[in-house]
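Provided below as C-alpha cells are two forms of one protein chain, presented individually as structure 1 and structure 2.
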Structure 1
Amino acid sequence: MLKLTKLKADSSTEQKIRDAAKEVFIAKGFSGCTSREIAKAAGMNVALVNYYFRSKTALFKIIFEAAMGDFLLSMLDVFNTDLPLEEKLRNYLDREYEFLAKYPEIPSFIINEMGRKDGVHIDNTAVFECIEHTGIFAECKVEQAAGRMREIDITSITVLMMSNCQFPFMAAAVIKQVHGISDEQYEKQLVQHKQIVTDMLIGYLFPGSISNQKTQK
C-alpha cells in the first residue's frame, strides 16, 4: 500500500513538471528559459526537476516530441484510411482546424524550435517518415497521372495545406488587431474560413471532381 501511494505521488509530481515545462517552453522556447523558471512554474525546486528529467535538454526533448506527436496524430489517422484522396484531404483540413482551435500555440512552437541554430537537435527523420509511409505522396502522384488531380509538385501541395491551415492561428493576434475584432468574433470567423479554405484548395487540386461542381453550383 505504501509503495502504491508513493508511486501515485511521484507520477503526479512528474506530470506537474511536464505541464509547467510545456507552458514555459512554448512561451519562451528552449533558449529563452532556465530550469529554475520551469521549477518555479511547477512550484518545485530545481533539484527535483533534475531528479525526474536529468536536465533541461532532456525535458525539452520529451515536450517537443510529445507536441510533434500530437500535431501529427490526426494527420496520420486520416492519411491511413482507405478513403479516396479528395476525401482524405477534406478530412485532413477539417481535423487540422479542429486541432489548431484547441492548441493554436503548437505550430509556432514546433516551427520556431526546428528553425533555431542554437536549439536542441532532435532527429525528426522517423517522425516525418511516418507521413510518407501512409502512401499519401504516392497517392497524389497516381491521381495526377490519372488526370484527377492538378499536376503540381508535392512540396507545393504541402505548402498550400500548411500555410492555409496554420497561418490563421499563428497570425491571430495581428489579424484581430488589424480588423478590431474580439477573440469570440475571430473564432466564428475561423469556422467560416475553414470552409473557404476547403472549397478553395479542393477546388484547385481537383478541378474536375463532381463534388466541386456541386459546390460551385
Structure 2
Amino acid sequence: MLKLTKLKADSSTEQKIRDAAKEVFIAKGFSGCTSREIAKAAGMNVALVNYYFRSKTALFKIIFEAAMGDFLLSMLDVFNTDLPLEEKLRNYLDREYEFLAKYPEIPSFIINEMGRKDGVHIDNTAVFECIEHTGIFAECKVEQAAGRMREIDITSITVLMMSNCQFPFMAAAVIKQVHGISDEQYEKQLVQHKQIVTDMLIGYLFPGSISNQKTQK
C-alpha cells in the first residue's frame, strides 16, 4: 500500500483541536484568544494546531464557516416543510429560540467577525440563494398578493425575525445586569419573551389571521 495510513489520523487529535477551537473562538472571537489557549483547551501542544491547520487564521475560517453552516441548516429544514406559511414562521421561531438556547453565542460571533474591517467575507449569493431555494420568499409574495400577509419587503421581514430572536440572546449579559436578574430568571424571561415575540410578529405579519383574534394573553 502506498500511503493509506493517513486515513486513520482524522479521528482524535484533529477533532479535539477543532472542538476546542470552536468553543474558544465562539466565546472570545478571533482577536480575543490565542493559539496557545486553544491548544490548552484541547489538551494539546501549540505546534499541533499549526500541524493540522496551517495557521490560526486558517483554523478560524473553518470554525466560522461551520458555525455559519449550523446556523443556516437549522432554519433551512424548517422552511423545507410544506406547512402553511404562518405555521412555518411559528416553527421557525420555535426552532430559532431552541437553537439559540443551545448556542447563544453564535449570532454575536458571526455578526462581530463579519463586521470587522478585515473580517471574513461569505459568498453572499450562496447563503441567500440557499434560503431562496426553499421557496419561502416566493411563498411570502403569494400570501402578500392574496392579501393575507402584510406588504413588507423580504429584507425587512428577515430583519424583524432575526432581531427579535437573536438580540435577546446577544444582549443577555447587559439585560441581566441592568435589570439585576439571575441566569435562571432570565431563562424564564426568554421563554415568555418567545411567546410575546411570536404573538407580535404573527399578529403583525398576518393582520387578519384567525389565530390572533383576541388572543391577548
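Remember, it's a predicted structure, so these values are computed and weren't measured experimentally. Throughout, rigid core stands for the largest set of C-alpha atoms superposing within 1.5 Å between the two forms. By convention here, residues take numbers in order along the sequence of structure 1, the first being 1.
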Original post:
Which number goes with the form predicted together with a further copy of the same chain?
Top reply: 2
Original post:
Would the C-alpha of residue 27 be classed as shifted by 2 Å or more between the two structures after rigid-core alignment?
Top reply: yes
**OP:** Spell out whether the Cα of residue 181 moves at least 2 Å between the two structures when the two forms are superposed on their rigid core.
**Re:** no
Original post:
After the core is overlaid between the two structures, has the C-alpha of residue 47 moved by 2 angstroms or more?
Top reply: yes
Original post:
Can you give the C-alpha shift of residue 37 between the two structures in Å, rounded to one decimal, after superposing the rigid core?
Top reply: 3.7
